[in-house]
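Take a look at this single chain, the form predicted on its own, given in structure tokens.
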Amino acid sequence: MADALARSLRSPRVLIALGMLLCIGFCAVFAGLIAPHDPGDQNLLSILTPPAWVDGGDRNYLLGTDSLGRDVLSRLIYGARTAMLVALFASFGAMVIGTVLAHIAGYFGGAVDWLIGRAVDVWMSFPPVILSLILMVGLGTGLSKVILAIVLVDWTRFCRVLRSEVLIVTRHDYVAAARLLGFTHRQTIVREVFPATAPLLITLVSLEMAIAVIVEAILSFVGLGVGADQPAWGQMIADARQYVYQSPWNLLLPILAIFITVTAFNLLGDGLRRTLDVRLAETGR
């Protein structure tokens, strides 16, 4: 694992992705310090002000204002906090549930594997976005509700993919040797099976973060995400639709923020997959 992580830090994809995510994460953590204005402050005398470098722009609002006179740059910065919180906590929650069930199903097999497999099949038969919307209608709006909805929907991704990997790993000789040495089932899974599936798990987590950002943006766009008092990129896109011809920057900037964030997570996932997967590393792909 140490060698694999060292290879990852030499990968251009991983380094570029980490650089992008560090910038986004810095904005998310220090939003209160670097945002020039409070994201909720309204200046009705400066509605739909263009960016500062455009004719009619105001240097006090570098990226302009929205239809309520709120600073777009500040809302983008605070929106990064919302997106990163959802990406981190939703991915971690889905990972925990999916990983535990995948290792139980793949290791024990038989009836246990059949029951978990059928539960995954039923849950995945619903379109993920539609299922998220249904859950949000029942749970209500709010950041914690968005995270919970994504966890309840996306744990199946981890379970389905990791189960296949666990089935392969459990057939290796060193797992059988651990059983012969008297390891308990828990010890065998934790010490022998899980380390072998960890590289794939790390890749899945990074890709899930990108999915979580997109789902959060969709939920905020339809008004079922975070509250109206909490800036979110999907919410900014929804607000800007009516004024797309008067102020296209209000629509394009949050879309660009989502694109950059999702691209960074996808680059990270692809880079980690190429460096942590021994088979890909050996072929040089």
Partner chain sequence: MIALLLTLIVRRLLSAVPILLIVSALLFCVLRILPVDPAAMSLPPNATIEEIEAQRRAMGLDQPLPQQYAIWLRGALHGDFGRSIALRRDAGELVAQTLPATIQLAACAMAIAAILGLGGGLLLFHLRGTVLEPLADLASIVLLSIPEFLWGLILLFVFGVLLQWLPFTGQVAPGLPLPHVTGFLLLDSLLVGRFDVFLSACRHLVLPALALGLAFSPTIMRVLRSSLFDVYLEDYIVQARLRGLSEGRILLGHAFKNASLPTLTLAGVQFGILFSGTLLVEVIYSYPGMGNLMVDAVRNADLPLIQAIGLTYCVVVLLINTAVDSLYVVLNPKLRVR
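Residue numbers count along the first chain shown, from 1. Everything numeric here is computed off the predicted structure, so don't read it as measured data.
One more form of this protein exists, namely the form predicted in complex with its partner chain; it is left out here, but the text below deals with it.
The three marked residues, I116, Y174 and L201, fail to reach its partner chain in the model of the complex, with no heavy atom of any inside 4.5 Å. L15 falls outside the set of residues with a heavy atom inside 4.5 Å of its partner chain in the model of the complex. Its partner chain is not drawn, but in the model of the complex it has no heavy atom within 4.5 Å of G56. For the chain shown alone, I134 is a contact residue for its partner chain in the model of the complex, at least one non-hydrogen atom being within 4.5 angstroms. Its partner chain in the model of the complex comes within 4.5 Å of no heavy atom belonging to M20. Segments offered: 162-170, 104-112, 78-86, 210-218. Contacting its partner chain in the model of the complex at heavy atom distances within 4.5 Å is 210-218. When you look in the model of the complex, the only residue of I34, L44, V222, A228 with a non-hydrogen atom within 4.5 Å of its partner chain is V222.
Scanning V96, L181, V129, V190 against its partner chain in the model of the complex with a 4.5 Å heavy atom cut-off leaves one residue, V129. Along 77-100, not one residue places a heavy atom within 4.5 Å of its partner chain in the model of the complex.
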